[in-house]
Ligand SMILES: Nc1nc2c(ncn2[C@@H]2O[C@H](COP(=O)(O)OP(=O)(O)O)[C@@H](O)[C@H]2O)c(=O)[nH]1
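There is one chain below, alone, in structure tokens, taken in the form predicted on its own.
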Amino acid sequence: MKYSKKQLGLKKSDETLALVGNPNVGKSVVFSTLTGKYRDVSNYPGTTVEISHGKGKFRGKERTIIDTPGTDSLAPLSEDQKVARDIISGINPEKIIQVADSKNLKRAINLFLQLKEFETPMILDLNMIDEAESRKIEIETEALSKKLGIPVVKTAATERRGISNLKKTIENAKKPQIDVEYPEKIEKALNEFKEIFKNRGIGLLYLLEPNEMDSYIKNNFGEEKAQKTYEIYLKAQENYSRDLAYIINQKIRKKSSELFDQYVNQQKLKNTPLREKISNLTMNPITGIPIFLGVLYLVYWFVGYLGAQVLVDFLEVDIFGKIINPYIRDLVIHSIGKGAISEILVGDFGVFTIGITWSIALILPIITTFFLAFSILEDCGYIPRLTAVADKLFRKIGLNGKAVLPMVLGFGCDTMATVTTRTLDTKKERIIATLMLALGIPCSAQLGVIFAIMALLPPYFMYLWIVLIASQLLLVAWLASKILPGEKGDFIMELPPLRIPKLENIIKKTYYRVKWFLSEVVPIFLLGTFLIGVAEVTGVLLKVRQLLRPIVSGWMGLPPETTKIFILGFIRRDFAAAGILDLAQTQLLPIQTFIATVAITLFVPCVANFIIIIKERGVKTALAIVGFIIPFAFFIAGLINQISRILGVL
């Protein structure tokens, strides 16, 4: 796809500025500081997978700033890299700010030497300069700026350091003046490409990835130019025994190494910093797994006790149970009397008695405490270290450690996590990861409620639930890896630094996520409870319950009332989990609570996630995933029930 200003809702007259850089260099933080527009910012790569844009005014001149996904190369391998390429080649931004990690300048220069071939005015932003200074890394900024021919500025965006200087420098962006010494025949090919595309950038990407770029050029420039490009490529390739991509990458790496050695100085540290020692402990399987279990227990305690017991008891029992609900129920009945409408509003499954009460009094305090805990883990940089621990295990199921990040994001929101599977290199990996997310990765709202449910049960149920869900995820993923064709990609990831979480980041992340829950999730649930209320009044719900009763009550051994909860689960799994929490306190035995929790964990994805699966993977794949998940969830839950009966637990 070739992006255009029109597709992004921009005017032709809008002057654009693209933020480009490697993964996890702070582009989204820079974007937020330049536009004042919040962008989800995390201390790990892969957060930005879609295009975001906002307005910024510099020296009285307004520009549209576009935040692109992080990429190590414009020669695309994964979907997010394609987006970055398409922005540069399609929108043709008037200026580019390349955001670089000051600790790893060589990697940034590799990307810069590709970007400079597009001949767009640029600025190099050496971000995370505070991290570089703490590691005794010194960069000769002025000398580097003269060598590259563009302004070079230093920033620490999380601390707003250097941002005002960056804003002042934007209007001084210049076209890079440095060259890479490519062999004569490659130089000739690049110059011929320039006559076709008006810059050497697209031609360079063609020489690096001819198969991918051939279809791109056909779709965006036509068959004639694609054929001419192919002929230029063949003429250049016949002069060398090695692939042109190998030769070009060798020249780029050589040039970046020369620049790095000339302008970057690093003093040797006398002792290994404490945070490096802690980082190593989190990635060593011997110590990393116990640390993970300890972190999980702390989150479980924080959410399960503070959120699910203290706050929920206060809101649900004292505020809604004793004051608000009785008042609203009496008000509705006195106003319109008993009947179908009052039943829909304040009945057993009424919009107010279930929809609003569960949203505000039951789920909101639980997800708020979970968001707080998750934001702390995000901001400190612990999450990406799980990828190193999990890489070996994930390779056995057709994935690699990179797939851990969509899984972790799934604990925040499965919908967004499904979008981030674009960062995986192969179609096979993306399908397997999507299946795992839909099957058994509970979103933050659902996971928070599950923690609350488990807090009502003996502690061993929590660990049994983890082992059971994890084993089913791995089993299904392993089977999918054997059935689906294709290869798995390589695992290369730059680990962000461990750091003390910033209170401002934690509060901001939690605020925006709670705002998302209230604005997007709650309305869907209110609509769902309204429809279920209508179904209850019209008798449709009774027929559905009768249809599902042999499965729910017979095979799974649950009370008939839980049928309503599973129907609710078709709309939102988290609200179905809230229903289980409600029943667990009054009707369900511990083993029944466990069975119902397993079933709803493995149940169908929410409506929003299902729509995104269709968008990302296609209708057939989405229907196949859901068609597998529903019977699988009921089968596993029923199997636990049957085994429990044999063992005499029930």
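From a predicted model like this one, the values you see are computed outputs, not experimental measurements. In case it trips you up, residue 1 is the first one in the sequence shown, and so on.
The next section is about a form of this same protein that is not shown, the form predicted together with the named molecule.
task = Look at the candidate spot formed by 22, 25 and 130 and say whether the named molecule comes within 4.5 Å of a heavy atom in all three of them in the predicted complex.
result = All three within 4.5 Å in the predicted complex.
ask   = in the predicted complex, which of the listed residues (156, 457, 278, 247) lies with a heavy atom within 4.5 Å of the named molecule?
value = None of the other options qualify; the answer is 156.
request  = Please pick, from 29, 602, 622, 588, the one residue with any non-hydrogen atom lying within 4.5 angstroms of the named molecule in the predicted complex.
outcome  = The option sitting close enough to the partner is 29.
task = Go through 348-356, 172-180, 554-562, 120-128 and give me the stretch that gets within 4.5 Å of the named molecule in the predicted complex, heavy atoms only.
result = That would be 120-128.
query = Taking the shown form as reference, are the C-alpha positions of residue 280 and residue 155 brought closer or pushed farther apart in the predicted complex, with a change of 3 Å or more?
reply = Nearer in the predicted complex, by 3 Å or more.
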